[in-house]
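Take a look at this one chain, the form predicted on its own, written out in structure tokens.
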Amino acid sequence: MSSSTRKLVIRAYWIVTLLVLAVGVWLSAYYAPIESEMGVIQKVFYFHLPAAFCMFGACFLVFVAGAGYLWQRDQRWDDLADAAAHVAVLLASVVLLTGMLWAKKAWGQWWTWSPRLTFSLILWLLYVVYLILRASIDSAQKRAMVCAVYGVIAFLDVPLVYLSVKLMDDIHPSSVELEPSMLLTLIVWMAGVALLTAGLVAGRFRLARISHKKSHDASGVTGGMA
């Protein structure tokens, strides 16, 4: 694929992503009804739930990329894990903040140490530590190895977050029934946030690959001059 074609595809992708998100905003603001008990704050749900599912996806990608690096020792796997981890932390932050807004209206307090909230906070901390690890290790090979092992282990918290409501007593409902208009709004948001997540991961991964290529080319030029 030529450089101009690649830029055109990327531009088209982001236009579609922004259009889907704009439709989601319109649906949540003007189409989906205001929930009788929660009021307007219920509309946070349309962004909160997709962000949570995409957070799980980003964490799973860190796990897969970590396992891939341990198997092949390929720098591309480490770059993918790095990109996914950054997006996972971003989404986890969104999930916690929107969840707090919901909690204040639903339960009268910003935070309660329920199993799901506790495991969600742990998940956020795990991937923040992952990024700190990456920044604190100078050796590229050692950094990739340590972070690959850590990323595989950190993923163990993901099923705990997801299953906590089903396996333990929790203030969160285990399921939610939605009217057709609410369901449509949620589906559009799911698509938009999924496209946004994939685009952010792909964009950061591409920047990492470009950076590595420039560093490789520069070292080759330096070696040739020497």
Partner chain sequence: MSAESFVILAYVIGLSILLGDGALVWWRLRRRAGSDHDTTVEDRRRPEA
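This structure is a prediction, so every number in the text was calculated from the model and none was measured. Numbering follows the first chain given and starts at 1.
If you look for the form predicted together with its partner chain, you will not find it shown, but the lines that follow are about it.
- In the model of the complex, every residue of the candidate spot (Y46, L200 and L207) has a heavy atom lying within 4.5 Å of its partner chain.
- Residue heavy atoms within 4.5 Å of its partner chain in the model of the complex occur in exactly one stretch of 70 to 78, 89 to 97, 138 to 146, 122 to 130, and that stretch is 89 to 97.
- This chain is displayed alone, yet in the model of the complex one of L183, V64, A191, I41 has a heavy atom within 4.5 Å of its partner chain; that residue is I41.
- Although the partner is absent here, V23 lies well away from its partner chain in the model of the complex, with no heavy atom inside 4.5 Å.
- Proximity of L18 to its partner chain in the model of the complex: non-hydrogen atoms within 4.5 Å are present.
- Taking the partner from elsewhere, I153 is found to have every heavy atom lying beyond 4.5 Å of its partner chain in the model of the complex.
- Taking the partner from elsewhere, W113 is found to have every heavy atom lying beyond 4.5 Å of its partner chain in the model of the complex.
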